[in-house]
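To begin, one chain is listed below as structure tokens, in the form predicted alone.
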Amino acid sequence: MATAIINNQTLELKDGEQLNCIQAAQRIGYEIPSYCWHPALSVVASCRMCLVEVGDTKPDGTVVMQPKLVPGCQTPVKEGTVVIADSEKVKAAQKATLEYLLLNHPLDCPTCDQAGECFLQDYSYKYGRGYSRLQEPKNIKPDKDHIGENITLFTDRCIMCTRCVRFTREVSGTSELQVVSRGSAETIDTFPGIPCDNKLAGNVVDLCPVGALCSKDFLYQQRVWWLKTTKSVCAGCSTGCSVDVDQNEDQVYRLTPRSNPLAQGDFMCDEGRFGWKYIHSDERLTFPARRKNGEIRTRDWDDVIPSLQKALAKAVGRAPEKCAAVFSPWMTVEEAYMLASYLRGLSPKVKLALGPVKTVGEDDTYPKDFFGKPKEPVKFTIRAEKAPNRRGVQMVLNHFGGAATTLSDLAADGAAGKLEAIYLVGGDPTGWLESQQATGLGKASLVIVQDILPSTISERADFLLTGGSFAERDGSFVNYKGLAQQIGRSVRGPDGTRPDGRILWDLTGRKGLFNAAAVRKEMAEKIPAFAAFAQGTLGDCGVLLNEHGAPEAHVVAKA
């Protein structure tokens, strides 16, 4: 096993492991500052912020240091490498680099969106001089709000790290961004008539370390230090991108990608990034309802849940084979498990079905070439399957005997008068039920609808249960390849709504408050496919499930 010395600390490298000085220093808990380097992009070593002293250990044990500082991002660490990143020589270089980068940078932190999460701010505080010797006026360049539909450029904040340019060339492959002009006049710009509007464009805002590229959607909405962050999973498609949900006072302001090598890597698509607005839709269903003959009798949860329990038990007692439930691929596995186990506890004859799984076109892979054709190797995929947990819900249903019927068959049964009770779970904000299906299902004697937005059957429901969006619930999604990840409740839903987990927790007669971890442990005991849930928590990156429910071998090895 190769060993290196980082700031006088010994670091052991795994066989075949390739690290640069920045990554090696991270291993010992030391930060080497950088701007242009990013683990998912090529190395250009242009910002010079990561300059370090590097040397080699000779066979006789002596150490020979190189006379010049070298970029840490560009220097590999191998057997015998000695890296010094905290010497006075290195600190002097960092101060000089920061002074240079700040020469023309406006000190507009009070109005800059990046303030609070700006690397220029942070590094100036940690490594800078705290003053500038520039006597001449700053070089001011005009801002460019034409970069893209969702992106604006504050040109004079840019330090030319070119992360954004490299992203559009190496990850999206669309190459809209470029560096124009030279010397003190160089700026980031688009090619004429080609704005940066590819489906991954929002990532250039995340990549910008200094607030030059900003999201028009988030611009001037909030100061970042007011935001509370919750780790969650994007619900836009079955890729299952790990995200951070940023909110303040129960208002979601943005979704940003959370690095996860088991899921999507470091980025996310704009469909997911900007596709959460339905959470605060004025059309959200608020307050539950118990109806009789079409008239609302109560909107009180304390009456709705007990009445629903009695109505369901009565319907199942009359004709269990004519009772059914449709499970949404937007449910968490915990919710699907609680509902399935409850209904099958009433009678094993209750039918279970998986709801519509929406697909749009084909999987969209990146990077692409100039003509828009996919290129290899694939670095990001937007899945055609627009549901976050089809696989997880299917695994739950498989445990209970599989989906014995389909939504269309149930609608036909309803139209033929063969349906006594139907429990429908929605959640897809783009709609999930066709009017013909709603007409058939609506003829059941007892109709229960659990959803977040109005649908073609919500007005017909004898019991309307107003649930929560993915940002208002705790639970787990399983993505297309079997990666189980936790979603976290970041905001409270509108008055009168409840997280779906709480609705089902109360419906199934469990005591206390809904506890997703407790449900996961119970699932691990009863469903072999979810044996990996035994600890109740899945960690920040989630757990890959194999066909036996155990974590994949390499996940165990990493742990």
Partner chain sequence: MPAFEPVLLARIAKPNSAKLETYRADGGYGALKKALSMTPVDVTTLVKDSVLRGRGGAGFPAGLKWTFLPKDHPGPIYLCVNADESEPGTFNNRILMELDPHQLIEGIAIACYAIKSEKAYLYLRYEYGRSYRVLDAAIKECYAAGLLGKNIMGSGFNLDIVLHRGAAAYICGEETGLIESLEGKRAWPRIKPPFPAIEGLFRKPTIVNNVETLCCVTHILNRGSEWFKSIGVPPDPNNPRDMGSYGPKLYCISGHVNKPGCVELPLGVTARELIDEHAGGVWKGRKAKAVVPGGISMGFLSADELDTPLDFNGPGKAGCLGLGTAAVVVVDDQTSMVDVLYNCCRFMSHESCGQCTPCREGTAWMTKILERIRAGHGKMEDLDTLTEVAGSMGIIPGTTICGLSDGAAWPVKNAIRKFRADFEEYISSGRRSVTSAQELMAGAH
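Remember, it's a predicted structure, so these values are computed and weren't measured experimentally. Residue numbers count along the first chain shown, from 1.
As for the form predicted in complex with its partner chain, it is not shown, yet the points below apply to it.
Peer 1: Could you tell me which stretch in 156-164, 443-451, 287-295, 303-311 has residues with non-hydrogen atoms within 4.5 Å of its partner chain in the predicted complex?
Peer 2: Contact criterion met by 156-164 only.
Peer 1: Can you pick the one in 111, 139, 430, 398 that has a heavy atom within 4.5 Å of its partner chain in the predicted complex?
Peer 2: Contact check passes for 139.
Peer 1: Just to confirm, with a 4.5 Å cut-off on non-hydrogen atoms, which of 103, 384, 412, 219 contacts its partner chain in the predicted complex?
Peer 2: Result of the distance check: 103.
Peer 1: Kindly indicate whether 44, 181 and 184 are, all three, within 4.5 angstroms of its partner chain in the predicted complex, using heavy atoms.
Peer 2: Every residue of the candidate spot has a heavy atom within 4.5 Å of its partner chain in the predicted complex.
Peer 1: Contact between residue 97 and its partner chain in the predicted complex at 4.5 Å, heavy atoms?
Peer 2: Answer yes; at least one heavy atom of residue 97 falls within 4.5 Å of its partner chain in the predicted complex.
Peer 1: Determine whether any heavy atom of residue 58 comes within 4.5 Å of a heavy atom of its partner chain in the predicted complex, and answer yes or no.
Peer 2: No - in the predicted complex, heavy atoms of residue 58 and its partner chain never come within 4.5 Å of each other.
Peer 1: Looking in the predicted complex, any heavy atom of residue 134 within 4.5 Å of its partner chain?
Peer 2: Yes, contact at 4.5 Å.
Peer 1: Is there a heavy atom of residue 54 no more than 4.5 Å from a heavy atom of its partner chain in the predicted complex?
Peer 2: Taking the distances in the predicted complex, the answer for residue 54 is no, it never comes within 4.5 Å of its partner chain.
Peer 1: For the stretch 58-74, I need every residue with any heavy atom inside 4.5 Å of its partner chain in the predicted complex, listed N to C.
Peer 2: Going through 58-74 in order - heavy atoms within 4.5 Å of its partner chain in the predicted complex - the hits are 68, 69, 74.
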